[in-house]
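Just the one chain here, laid out as structure tokens, in the form predicted on its own.
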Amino acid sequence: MTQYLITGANRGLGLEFVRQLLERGDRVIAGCRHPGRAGALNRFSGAFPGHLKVLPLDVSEPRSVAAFASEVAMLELSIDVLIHNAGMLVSGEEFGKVEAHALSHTFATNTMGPFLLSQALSAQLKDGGKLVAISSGLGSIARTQRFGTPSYDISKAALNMAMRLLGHALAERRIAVLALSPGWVKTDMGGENADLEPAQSIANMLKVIDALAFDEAAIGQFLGNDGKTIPW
């Protein structure tokens, strides 16, 4: 039975990851900032007894990351697949008005958090396991053709580099590392005009994750939810 760890699991793509994984029989460790307020997530605990563990985690806070990793270790929970899903986007940013706080908090959540959490949980991640970060096509430098959502775009480009570096750091243990774009999805972040429903995006991404295997020639690669390479 495969054990997954999902961050940002209380809503949107994270919640849908949890739902689909539980329904197919996997075990899930779910991290979210306020477990007591995560009603939809906690209802899964009753529906799938023994298969879901919900723990507090704010990926933007190093002390929370350290406490979360310590609790996972104390509970002796090993991880087959770690999925960094927690993220944030500041909307309405305009050139000349981008604020330092927006940049720093977005970087802390989207880039620093996944990198530090990967380090902190490396001992619990099984040899031959998988490490996946939910990135975005907006983090592709080659594809950028506009000025929009700069805090988000910069943080996702940096996340891709973080995953590439982690791929090399974990290569001796044959851990497959991937930056994965969900596509444009109808969530609070993606909006109602997006192309994909969350259920379809997650189903697509799980196919990619299931097929993922360590490959020295593809360390820290960047793929779309269709499994195709996205240019850096």
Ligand SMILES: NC(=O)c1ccc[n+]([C@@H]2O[C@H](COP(=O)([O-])OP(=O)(O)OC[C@H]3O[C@@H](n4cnc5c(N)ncnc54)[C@H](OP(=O)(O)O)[C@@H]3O)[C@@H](O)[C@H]2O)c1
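Source: prediction; values computed, not measured. The numbering used is simple: start at 1 and walk along the sequence shown.
One more form of this protein exists, namely the form predicted together with the ligand; it is left out here, but the text below deals with it.
No residue in the set 81, 115 and 228 has a non-hydrogen atom no more than 4.5 Å from the ligand in the predicted complex. The ligand is not drawn, but in the predicted complex it has no heavy atom within 4.5 Å of residue 62. The closest non-hydrogen atom of residue 190 lies within 4.5 Å of the ligand in the predicted complex. Looking at residue 134, you'd find a heavy atom of it within 4.5 angstroms of the ligand in the predicted complex.
When the ligand is considered in the predicted complex, residue 109 lines it closely, a heavy atom lying within 4.5 Å. Contact with the ligand in the predicted complex, defined as any heavy atom within 4.5 Å, is confined among 178-186, 163-171, 43-51, 22-30 to 178-186.
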